[in-house]
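Just the one chain here, laid out as C-alpha cells, in the form predicted on its own.
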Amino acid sequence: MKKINKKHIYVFDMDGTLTPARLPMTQEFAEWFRVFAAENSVYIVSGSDAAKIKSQLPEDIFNGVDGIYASMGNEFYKQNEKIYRKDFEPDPRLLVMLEEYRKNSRYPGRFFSNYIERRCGMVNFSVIGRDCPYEEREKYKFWDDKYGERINMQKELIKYFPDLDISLGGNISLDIVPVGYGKEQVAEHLRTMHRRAKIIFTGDRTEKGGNDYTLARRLRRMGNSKIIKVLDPRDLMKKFLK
C-alpha cells in the first residue's frame, strides 16, 4: 500500500510507546500499526540497538517503516540496511562510577548480569542488570519510584560529566550519551529529509529527564511539529483512534 499522507511525518519511541518495556509488540497493536504505517510516513526511534529492536518488532514492521533510529539515533536503518553509524569511547572514570553505583546500591532485590551495556554512541546502565526477568524489572521500578535511585545517580553524574547527556531510560536504566548523541539528533536528520512536513513525535518519556525529552524539546524549537505523550501502547491507540 502506498503512503498517502505526505504532509505529516510520524515518529514513535518504541519501549513503553509501541511495545511494553523490553517485550514484543502485541498482536493487537501490530495489526493496527501495520495499517497506520502503510498509510503514513513512519519512523521509529529507540535507545535500544538494532538487535533488540528486531526482537521486539515484527519483521515486516521493522523493514516496512520509513526508517529505524537505533541507539538514540546513532544508527539509522532503512529497509534493514544500515545507512549510518557513529560511536564514542566513554571516559574510564564514568565506568568506574557506574561500577561503584552497582556495588553500593541499596536495592534489596536480586541483581543480574549486563548492567553496563555498550551500544553504538551510548552507554546504558542498569543497577539490577538488563538481563533481569520482567517481574524483577517491575519490582525495581516500584522501588526506584519510591526511593529515586536513578534520579540521584543522574544528578551526580551530570555534575561530574557536563559533556554528557544523562536521562532516565525506560524503567530500570540510565541512557548516557555525549552531548549531541541523544535522540535530539533525530530531529535534525528528519528535517533535512522532510523540510516542509509537520513532524509528529509520540513517546512515553517526553518529560524533562526522560529519554524522549531532548527530541521533543528540539522539535518544539524547530517548529512545525507536535508532541504527543502517551502512557503505553493502549493509550497510544486510544489517542490515534479518536
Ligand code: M1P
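What you see is a predicted model; the values in this text were computed from it and never measured. All residue numbers refer to positions in the sequence shown, first residue = 1.
Unshown form predicted together with this ligand; subsequent notes refer to it.
Item to check | Contact segment among 91-99, 104-112, 166-174, 74-82, judged by heavy atoms lying within 4.5 Å of this ligand in the model of the complex | outcome: In short, 166-174.
Checklist entry - Does V127 make contact with this ligand in the model of the complex, using a 4.5 Å heavy atom cut-off? => result Although this ligand is absent here, V127 would stay clear of it in the model of the complex, with no heavy atoms inside 4.5 Å.
Next on the checklist: So, G182 and this ligand: in the model of the complex, are they within 4.5 Å at any heavy atom pair?
Outcome noted: Contact check for G182: no, nothing within 4.5 Å of this ligand in the model of the complex.
Checklist entry - Wondering, does S48 line up within 4.5 Å of this ligand in the model of the complex on heavy atoms? => result S48: contacts this ligand in the model of the complex.
Item to check | Contact of R22 with this ligand in the model of the complex (heavy atom, 4.5 Å) | outcome: Close contact exists here: in the model of the complex, R22 approaches this ligand to within 4.5 Å, heavy atoms only.
Checklist entry - Three residues, D15, R119 and R137; all within 4.5 Å of this ligand in the model of the complex via heavy atoms? => result Yes: D15, R119 and R137 each sit within 4.5 Å of this ligand in the model of the complex.
Checklist entry - So which bits of 195-229 sit within 4.5 Å of this ligand in the model of the complex, heavy atoms only? => result The stretch touches the partner through N211 alone.
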